[in-house]
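Coming up is one lone chain in structure tokens, specifically the form predicted on its own.
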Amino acid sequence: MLRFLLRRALSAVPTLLVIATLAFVLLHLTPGGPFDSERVLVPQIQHSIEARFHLDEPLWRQYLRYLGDLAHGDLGPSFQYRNTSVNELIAQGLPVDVAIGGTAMLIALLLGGSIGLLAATRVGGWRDRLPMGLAMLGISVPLFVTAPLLILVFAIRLQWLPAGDWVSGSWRHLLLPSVALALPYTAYIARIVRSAAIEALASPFIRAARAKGLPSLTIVLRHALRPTLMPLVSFLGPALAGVLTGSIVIEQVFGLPGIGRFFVTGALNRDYTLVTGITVLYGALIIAMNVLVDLCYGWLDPRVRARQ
């Protein structure tokens, strides 16, 4: 296990280097600069500002300087948010995204997994067709439609929950954006679990369990659940990284101070360090989630554990 983790950690270094390099180069090749939207400045003042952020240096020197800071865990200062580092902005926005994303994924797993298992045991019946039709609807309707509808119903009409803003520790402010973010993931998980469960329930060892007279619930939970989770784990790797870094649509609709809003603002204002830092963070989360997926594979299937 330790050798496997060490090997994956070493392979993650060049991957993150490529991600950081591409983000750095592409942002600097984009027309415009971080201070182009400012009012016209005296050349001496303009030069002083650029020198403060080392923008007057050649691009290769800026790149090496950034890699040196990145190796020490320093993502650099933000150009848009003055006197604030990218590390501070991520530390401010990431807990919001973790709270909402974690709650959304928990809802999606519980609801989508239950719906998928139920549909797999009633293939062709109304308990299969109705939830799968709703799941297809959940996949087809985008978040910028479902999120305002939830606000209209539960915040404006019924006035059960607040329409937006963020209060740390308040479940009422957490619930509505989490449900909105969970809906498409619930639909995906339900369809994945249904397909995997149908295949697992058609396996010879399941037929043998039925021949022994075991109850259907025992067969599903004790014998069919583990092979059903294999394709679901593959989906959860990038999905978890996505929800933990926040949904830009959800943050915009509900007015949440997550890193998704920082990313959009940074991209519009050519905030090189902010956009690159969030991109590197997302890449690191993807790598970490893939390692976690491989560990889960080893737990679910001993044959994978032996190869690791």
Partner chain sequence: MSPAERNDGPWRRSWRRLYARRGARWALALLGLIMALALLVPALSPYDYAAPSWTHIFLRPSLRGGEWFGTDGLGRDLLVRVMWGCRISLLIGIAASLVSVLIGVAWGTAAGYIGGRTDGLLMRTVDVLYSVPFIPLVIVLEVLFGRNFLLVFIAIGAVSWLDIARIVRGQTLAIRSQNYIEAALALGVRTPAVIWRHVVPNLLGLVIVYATLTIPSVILFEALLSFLGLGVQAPLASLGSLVADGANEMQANPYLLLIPAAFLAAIILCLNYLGDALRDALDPRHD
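Positions refer to the first chain, counted from 1. What you see is a predicted model; the values in this text were computed from it and never measured.
From this point on, the text means the form predicted together with the partner chain, which you will not see here.
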Review point. Is I286 close to the partner chain in the predicted complex, meaning a heavy atom pair under 4.5 Å apart or at it?
Key: yes
Point to revise | Contact of Y66 with the partner chain in the predicted complex (heavy atom, 4.5 Å) | key: no
Point to revise | Contact of F144 with the partner chain in the predicted complex (heavy atom, 4.5 Å) | key: yes
Point to revise | Heavy atom of S140 within 4.5 Å of the partner chain in the predicted complex | key: yes
Check your understanding: Which one, 146-154, 84-92, 104-112, 173-181, holds residues whose non-hydrogen atoms are within 4.5 Å of the partner chain in the predicted complex?
Key -> 146-154
Check your understanding: Honest question, do L5, L118 and L201 all end up within 4.5 Å of the partner chain in the predicted complex by heavy atom distance?
Key -> no
Exercise for review: Just give me the residues of 250-285, first to last, that have a heavy atom within 4.5 Å of the partner chain in the predicted complex.
Suggested key: Q252, V253, F263, A267, L268, R270, V275, T279, Y282, G283
